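Only one chain comes next, encoded as structure tokens, the form predicted on its own.
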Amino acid sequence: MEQAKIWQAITEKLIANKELLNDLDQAIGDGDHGTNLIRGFNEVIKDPVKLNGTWQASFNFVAMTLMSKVGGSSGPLFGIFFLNMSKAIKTASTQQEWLDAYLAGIKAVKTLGKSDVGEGTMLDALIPAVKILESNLNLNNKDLYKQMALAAQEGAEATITMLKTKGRASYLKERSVNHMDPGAKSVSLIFEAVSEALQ
């Protein structure tokens, strides 16, 4: 499948869930997470030529676009994730190489956000999904991404009961509990879109 079609599917999935993402952000943030992220991805899909080169170049282009077009903390965090994936991935021909790329992206998000799992952030959806890949390096992409999407969704739902200790939500302290983190939900939607595109 052409890479541009994957990014198109991700963008369409985020657009379809724009109100949900903004509502989630309204509860614990400033209410524009969906709007911001979609602005960046809409810019991404304007240039399919840049998306259909190597995965290394594609991730780099997406990273730079998101960092320049998405406001708040989402632009830098999603941007640094894809940027470090671009640095780690070479031929994109093995699951081990994809795992190494995902882990490089996660490490960068952890460093930039000074965060880890259990703090109610995008990492709570991202890390469980990548652990599925780590445990299933021989699985085909169709089945693998189905499981990764499910793990990401479960991770996003798990943020509901978490005390948010990073970002704007942390200002709410105990009142941040009982709300899903919008960044985690975005991650789960991205994996869901990839899975559906591969079916």
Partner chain sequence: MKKFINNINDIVPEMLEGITLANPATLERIDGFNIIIRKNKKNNKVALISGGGSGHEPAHAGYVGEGMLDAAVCGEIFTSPTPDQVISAIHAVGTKQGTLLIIKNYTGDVMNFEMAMEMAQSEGYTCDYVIVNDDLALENSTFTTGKRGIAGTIFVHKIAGAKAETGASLAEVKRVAEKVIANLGSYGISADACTVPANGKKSFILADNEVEIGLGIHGEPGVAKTTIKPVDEFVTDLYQKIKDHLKLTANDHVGVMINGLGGTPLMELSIVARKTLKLLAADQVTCEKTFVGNYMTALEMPGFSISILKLDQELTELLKAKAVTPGMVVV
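Positions refer to the first chain, counted from 1. Keep in mind the model is a prediction, meaning the values are calculated, not measured.
Here the subject shifts to the form predicted in complex with its partner chain, a form of this protein not shown in this document.
Remark: none of the three candidate residues (5, 13 and 90) comes within 4.5 Å of its partner chain in the model of the complex, counting heavy atoms only. Mapping the unseen interface onto this chain, residue 72 counts among the residues with a heavy atom inside 4.5 Å of its partner chain in the model of the complex. Mapping the unseen interface onto this chain, residue 153 falls outside it, with no heavy atom inside 4.5 Å of its partner chain in the model of the complex.
The closest heavy atom approach of residue 48 to its partner chain in the model of the complex falls outside 4.5 Å. Using a 4.5 angstroms threshold between heavy atoms, residue 163 counts as touching its partner chain in the model of the complex. The stretch that touches its partner chain in the model of the complex, counting heavy atoms within 4.5 Å, is 25 to 33, out of 54 to 62, 143 to 151, 25 to 33, 127 to 135.
Annotation for 161 to 184: interface residues with its partner chain in the model of the complex are 163, 164, 165, 166, 167, 168, 170, 171, 172, 173, 174, 175 [heavy atom within 4.5 Å].
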